[in-house]
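First, one chain by itself in structure tokens, the form predicted on its own.
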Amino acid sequence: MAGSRGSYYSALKRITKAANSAFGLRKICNSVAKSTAKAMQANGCRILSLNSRKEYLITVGTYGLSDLYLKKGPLDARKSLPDILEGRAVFIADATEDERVQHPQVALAQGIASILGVPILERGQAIGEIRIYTREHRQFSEADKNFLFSVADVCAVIFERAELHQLLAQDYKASERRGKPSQLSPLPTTTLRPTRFAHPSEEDFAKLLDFYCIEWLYEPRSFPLRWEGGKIAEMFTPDFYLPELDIYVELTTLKQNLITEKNRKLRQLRELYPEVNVRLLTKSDFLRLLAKYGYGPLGEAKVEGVDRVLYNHARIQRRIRTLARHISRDYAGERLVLVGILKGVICFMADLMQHLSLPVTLDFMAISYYGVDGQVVKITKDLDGSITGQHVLMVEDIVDTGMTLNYILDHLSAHNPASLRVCTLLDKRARRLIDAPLDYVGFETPDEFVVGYGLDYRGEYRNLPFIGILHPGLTKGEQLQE
């Protein structure tokens, strides 16, 4: 049984009214999900946001679905109805048998029969999904699909407004720290987050993860621990899931006597689900974790002056492994000389060479700048060995104007190597003056002064395990990084 045109028209009026309300994101999306499910005479509806890396789907609104179904585990965008992200409507006739359903066993247990899903699009790109669930096997008409696409268009506007509010809030807080008026600057697209946490410690932990660009999902899965009469009598829902580390985190920063009960649940969880990696963090553990990442009362000095993290350590390492595979493939069967400029390249060079599957030798140069604005380059340490007739890869930490790199490449070319290419971790293309050739690039970085992972500001910050943007007030007039 499908909804009528009249019911769809009335539902869209309610949905647009809710979208234009002053309520928070989750309340608006819950209202939209309820109106959508009732209009389509369905048993449930779920509105999902795609995370910034397009890997996971996060519930931001729901109606008619049980907590167990909603928290059956993180939804992998590549495994859970993946065709929706290609911009198409997807119909699942039998959710218990279709391989496009990520958790068919939970669908069977919860009595989910058919699913209809459509993408939420922004400028032609999927940013989320809306799904309809029925308990009976059902076919959907073109009118049903058109209605759901119309709801998805409204959801796109809701998401865009929520993202704008988040960006404005971030910019306002940042401007307060800097002591100057707010001026919205372009920031990476953020993931739509929950509007409320159960405890302030969870919000603090989420801010820490956001600062270090560590992807997180809030309470994405509930684990049944005990059954009575065939029904679930007890469940455990960890506070966070960190996809990059494949670890669940439960915070215990309240009363100390709660730790015993949570430890009991964790022991049961590990016995029933031995493949699940879960950690319980007490107050002291939480503070030590803050300090480990240079954040909080035990480690503020380490990141003092860092405005935000641009690339965290895990992301840098993934990109380096990718670069190393490309380089190893291109130089297969050859010996390679890696040449770096001291001192900023030391971290990148050390990690890159570990992943190269071919014989390499290392050599280093040192340079200094003089003249007006330090634009003239002088070599203070030349190569120790000969590169004549050898394959040379110039390894750079960052390429800014390209003037330094161009000078060094001219110098190396004079030694008649068999080949000469360039690999840089960061490419600040916005400040390019000379179009020096770059063969391998890690990241194209914004026009900001960056530090960490070998990059310094006046000799400091090289030892940070990530690359971050330095507080603009510290680097006024000092944007050159070559």
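All residue numbers refer to positions in the sequence shown, first residue = 1. Treat the numbers as computed from the prediction; the structure is a model and nothing was measured.
Although it is not shown, the form predicted together with inosinic acid is what the next lines describe.
Undergrad: Just give me the single entry in Leu48, Ala33, Leu455, Ala42 that has a non-hydrogen atom within 4.5 angstroms of inosinic acid in the predicted bound form.
TA: It is Leu455.
Undergrad: Considering Tyr273, Phe197, Phe149, Tyr369, which brings a non-hydrogen atom within 4.5 Å of inosinic acid in the predicted bound form?
TA: For this set of options, the contacting one is Tyr369.
Undergrad: When inosinic acid is placed as it is in the predicted bound form, are Tyr331, Gln390 and Leu393 each within 4.5 Å of it, taking any non-hydrogen atom of the residue?
TA: No, none of the three is in contact.
Undergrad: Would Leu310 count as a contact of inosinic acid in the predicted bound form, using a 4.5 angstroms cut-off between non-hydrogen atoms?
TA: Leu310 lies outside the contact set for inosinic acid.
Undergrad: At 4.5 Å between heavy atoms, is Leu225 in contact with inosinic acid in the predicted bound form?
TA: No, no contact at 4.5 Å.
Undergrad: Taking the shortest heavy atom distance, is Thr404 within 4.5 Å of inosinic acid in the predicted bound form?
TA: Residue-level check for Thr404: yes, a contact with inosinic acid.
Undergrad: I'd like to know whether Ile398 contacts inosinic acid in the predicted bound form, with contact meaning heavy atoms within 4.5 angstroms.
TA: Flag for Ile398 set to yes.
Undergrad: Tell me which of 444-452, 411-419, 50-58, 25-33 has residues with heavy atoms within 4.5 angstroms of inosinic acid in the predicted bound form?
TA: After filtering at 4.5 Å, what remains is 444-452.
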